[in-house]
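Taking the form predicted on its own, here's one chain by itself in structure tokens.
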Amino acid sequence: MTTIFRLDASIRDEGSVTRAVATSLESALLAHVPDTRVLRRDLGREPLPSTVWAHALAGSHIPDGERTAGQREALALASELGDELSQADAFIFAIPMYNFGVPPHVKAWIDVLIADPRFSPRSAKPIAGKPAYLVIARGGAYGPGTPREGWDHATAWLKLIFRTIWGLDLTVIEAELTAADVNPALAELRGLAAQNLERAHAAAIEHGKALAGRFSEAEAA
């Protein structure tokens, strides 16, 4: 059975662009490969405890017999997170940009995973080459020529982790101007925002179909 791992990081249950676009991709995949198993981790609703990374990092450098209960629990969680990724054949990461960077609960999740030897920068990259999709949303415009060009410190860092450190075959699906409907300063850009969102959903659907085809070909081989 094909398995995908989906990570959601938006703190919004309703109105989240990253959740909606990721669902467009997931639904397109499931429409063609309905028996796909979806493993879910929702950091927006259930972030990791703030102490986990420090305990996991400290515990990883000492023998098991010398670890505290907190360190053992943290390393067990790191192993659990690593197992979730290791089981998957493909990945959907739905991550909004917050305050020009990566949400803190996503950074914590990645830090804890890196404490697992399988996912450290020195590892053999156990999930390398697998398809992955980063759905990222930004409230304003951050592209070349915009006043905030260069202010997006999330996308490049996530690409570094997913593509360079973990070796995933990463595709990025971007939505910008997502705050246009609620920010009066962006009111004149609402039409452009709607077009941008429509393109993001269309891209997600096409990538979901393509991933389904990739899985079908693999099963037939």
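These numbers come from a predicted model, not from an experiment. The numbering used is simple: start at 1 and walk along the sequence shown.
Just so you know, the form predicted in complex with another copy of the chain exists too; it's not on screen, but the next bit is about it.
**Student:** Which among 65-73, 155-163, 169-177, 33-41 is in contact with another copy of the chain in the predicted bound form, heavy atoms within 4.5 angstroms?
**Tutor:** Stretch with heavy atoms near the partner: 155-163.
**Student:** For a quick test of understanding: in the predicted bound form, does each of 102, 107 and 121 have a heavy atom within 4.5 Å of another copy of the chain?
**Tutor:** Every residue of the spot touches another copy of the chain in the predicted bound form.
**Student:** Mark residue 98 yes when one of its heavy atoms lies within 4.5 Å of a heavy atom of another copy of the chain in the predicted bound form, and no otherwise.
**Tutor:** Flag for residue 98 set to yes.
**Student:** With a 4.5 Å heavy atom cut-off, would you call residue 202 a contact of another copy of the chain in the predicted bound form?
**Tutor:** Looking in the predicted bound form, residue contacts with another copy of the chain do not include residue 202, since no heavy atom lies within 4.5 Å.
**Student:** With the partner left out here, check for me: in the predicted bound form, does some heavy atom of residue 187 sit within 4.5 Å of another copy of the chain?
**Tutor:** Residue 187: no contact with another copy of the chain in the predicted bound form.
**Student:** Look up in the predicted bound form whether residue 57 has a non-hydrogen atom within 4.5 angstroms of another copy of the chain, and give yes or no.
**Tutor:** Contact check for residue 57: yes, within 4.5 Å of another copy of the chain in the predicted bound form.
**Student:** Is any part of 28-61 within 4.5 angstroms of another copy of the chain in the predicted bound form by a non-hydrogen atom, and which residues would that be?
**Tutor:** In sequence order, 47, 48, 49, 50, 51, 53, 54, 57 come within 4.5 Å of the partner.
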